[in-house]
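Okay, so we've got the same protein chain twice, two forms, each given alone as structure tokens, structure 1 and structure 2.
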Structure 1
Amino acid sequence: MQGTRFSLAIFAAVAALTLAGCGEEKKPEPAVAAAPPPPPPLVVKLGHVGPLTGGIAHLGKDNENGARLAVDEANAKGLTLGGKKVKLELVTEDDQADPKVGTTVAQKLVDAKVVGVIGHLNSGVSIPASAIYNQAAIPMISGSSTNPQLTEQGFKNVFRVVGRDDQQGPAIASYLASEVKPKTVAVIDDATAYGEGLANEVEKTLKAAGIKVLPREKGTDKTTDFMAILTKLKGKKPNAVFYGGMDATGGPLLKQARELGIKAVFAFGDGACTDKMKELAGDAAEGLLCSQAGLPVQAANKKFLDAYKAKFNVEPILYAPFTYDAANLIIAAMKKADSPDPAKYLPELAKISYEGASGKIEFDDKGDRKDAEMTIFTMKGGKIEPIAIIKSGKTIKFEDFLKTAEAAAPAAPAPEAPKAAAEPVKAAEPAKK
């Protein structure tokens, strides 16, 4: 960074000489003169990108807050890399949840010489943007992109701290198998890459658990009339039905099933794991099961939740614990490598083992989080609520998971301890204001 400032000074001097007569000769001098006496902390820039405008702007801001909390905590604690005091700076950009804008701001961050990027929020934006970071050899960690393709591109600098969509099918299927214990399950999909892929994973896992799966039924992503399919299924009396598709088709499906008097348990993937199901299916939505990659925000560790609330005066919404962890991972890797140079800290990041707000984080070869959690939700009183966490094929009841998470918090590893001690003071102060 000092190198760049020096070259900037030279550039400015050259520019000044070229524009002789503009009276700017004085300008570079104070900059150079001011630099040596009190050695200013080296500024290291981290980038955060997410949609800050548009329909999911609230989620983008939530992500940004998570990253900001991590950066501010690190600055408050003081960071020394390679013998120099370092001040972290969070550069934030708005990708508008739009892939085209996403690539533009990605380039902007690269040009701003950030050493690492936290983001993007949407898979559809993360995937094209990742190529730009890859070219610039800047590590990126997404806290919320679940599309498998993101880490299947073979980029060494791309990571994510949430689970993948293709871990979801096995998760919801194993929950069905262990909790609902059905004899026969009907699987329906919407004939899209997402729906069919998810349904295939579910069917595979169910069959492996020795459960009979009826021949696949299919609609399309525009089907609203499932009466014929459901009437047929009614005759086969399945105990559970899984639908791979979005809420726009899943809602009518569920509504019609209940109208036909089908009593089976209905399960869905994350596409239909929304409160919209209640609107579309009415009372029929009550009690449905569905899965999402990652953890619900309540399950993040308490220290994080408290610090977040104290700093921003709002509750974290969705992925903030993950972006918080993502920023902390970059900081921890820089510490290990004792350098903010992406080329030096990237290998450390790849083999890191870190206890974060969302649990233990380790990456596999592709940059996916090992043993990523999946959450099972149910519709209760018109809202989807978490009921269980699936981790490495095991089902943990949500309340139990919260308890163990709380119990684990004080037993955080040693490097965490001073930070934990520093926290209450810092957290208490803004609260007083």
Structure 2
Amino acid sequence: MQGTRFSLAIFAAVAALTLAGCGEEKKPEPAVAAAPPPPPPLVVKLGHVGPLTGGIAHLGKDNENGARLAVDEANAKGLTLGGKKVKLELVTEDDQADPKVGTTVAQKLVDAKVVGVIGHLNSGVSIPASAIYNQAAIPMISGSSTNPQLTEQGFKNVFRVVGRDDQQGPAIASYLASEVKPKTVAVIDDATAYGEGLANEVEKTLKAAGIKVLPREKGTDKTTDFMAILTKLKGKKPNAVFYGGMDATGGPLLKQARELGIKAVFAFGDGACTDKMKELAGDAAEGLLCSQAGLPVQAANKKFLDAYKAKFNVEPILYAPFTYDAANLIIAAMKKADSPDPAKYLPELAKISYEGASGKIEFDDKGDRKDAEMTIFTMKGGKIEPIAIIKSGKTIKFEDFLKTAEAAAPAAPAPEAPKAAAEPVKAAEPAKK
């Protein structure tokens, strides 16, 4: 009995504790629903194409850097289109400066759903690739292709932010005629759309000026041994030689010419208008003349030059200001249209007026840059230096051009004066009639 009473007492105590615990039980608080995460930004792809391998990969990378800087700056500032936050993505492809590869990667970019393309570098690649972008109705802006045929095809989606060879060729030829005053000129080209097209314009202008032009000589964009051509030319004693091609082949040409004792003035187009000519031709590069279908890198605005150097830790070479502007033109057109849809922003791009790193940009009906400048350079102390700007048919010394540009630039805003202590707010006066 005693054991039973003890067991009943324990049971009663446990029951009491259990009831007491139940009495203190709190109702669970309703769960607060977590705020839904913000929707991910809309990814908008821009394409860039240029030679990233091979002899002119340095120029292709320079172009890519310009486009990348513009995209990264736009993303850092934040971009909203059609009420949606947008993140730009630069999709880059290597066309190897080869037309066949160029058309292949052009289709690859179309399949990747890019909404615009910055490129290609070479005219010979840009021209066939442009047909693919035109069929897909994707805007394309080249920062370096100068052959007139690119914008003579009637494509409404194709633009360029540099001048044309039928502007550049006459510019360098006229400078040769007026400053060097040669009696006989030899013309060589690399058999590409760019090199041959530019050489044709130079020859045409020289002949019109009454200068004798020797029969055309040709290499290829891979030629590095010009001894046979140069030996033939040496006997004809030209006073000047013009080469239509890139620096990768122009450098060896110039070096071998000096080794043969040819003392003629050598002139080149923009493809060989780089400091790399010193690396490839050595001391033979000193004194060469060359042209660029646009303002020189040194004349690009300070904001771009500083940002480029800070990001890539190198100076821009040649076309980077133009590919930077090309990317920014597409971005600006999308903003105006409030849409990344090519069909919607293309009309805005065609009529845009934009102040870029390379100056004011507007397009004509063909997609060419209006009133594009031409620059004449020389190699001095191992560096390509601008010596003259040609605009609207007039030649002006580069230092005078800079002075004019500086005088026309808007003055920096004056610093604000310290604000006085706030005065008591007065009652508004009745509006006067």
Partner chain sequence: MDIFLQQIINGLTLGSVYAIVALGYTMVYGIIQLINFAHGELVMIGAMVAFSVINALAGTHLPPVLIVFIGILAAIPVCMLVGYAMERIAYRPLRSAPRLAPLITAIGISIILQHLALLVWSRNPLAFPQIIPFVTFPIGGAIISGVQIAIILTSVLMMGALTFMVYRTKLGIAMRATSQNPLVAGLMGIDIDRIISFTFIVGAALAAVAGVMVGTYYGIAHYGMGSLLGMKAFSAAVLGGIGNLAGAMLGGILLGIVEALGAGYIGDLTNNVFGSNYQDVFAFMVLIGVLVFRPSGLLGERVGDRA
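Values in this document were obtained by computation on a predicted structure and should not be read as measured data. Throughout, rigid core stands for the largest set of C-alpha atoms superposing within 1.5 Å between the two forms. Counting starts at 1 with the first residue of structure 1 and goes up one by one along its sequence.
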Structure corresponding to the form predicted in complex with the partner chain: 1
Does residue 275 move appreciably between structures 1 and 2, meaning a CA displacement of 2 Å or more on the superposed rigid core? yes
Once the core is aligned, please say if the CA of residue 292 is shifted by at least 2 angstroms between structures 1 and 2. yes
After fitting the core, residue 65 CA displacement of 2 Å or more between structures 1 and 2: no
Aligning on the rigid core, what is the distance the CA of residue 199 moves between structures 1 and 2, in angstrom? 8.6
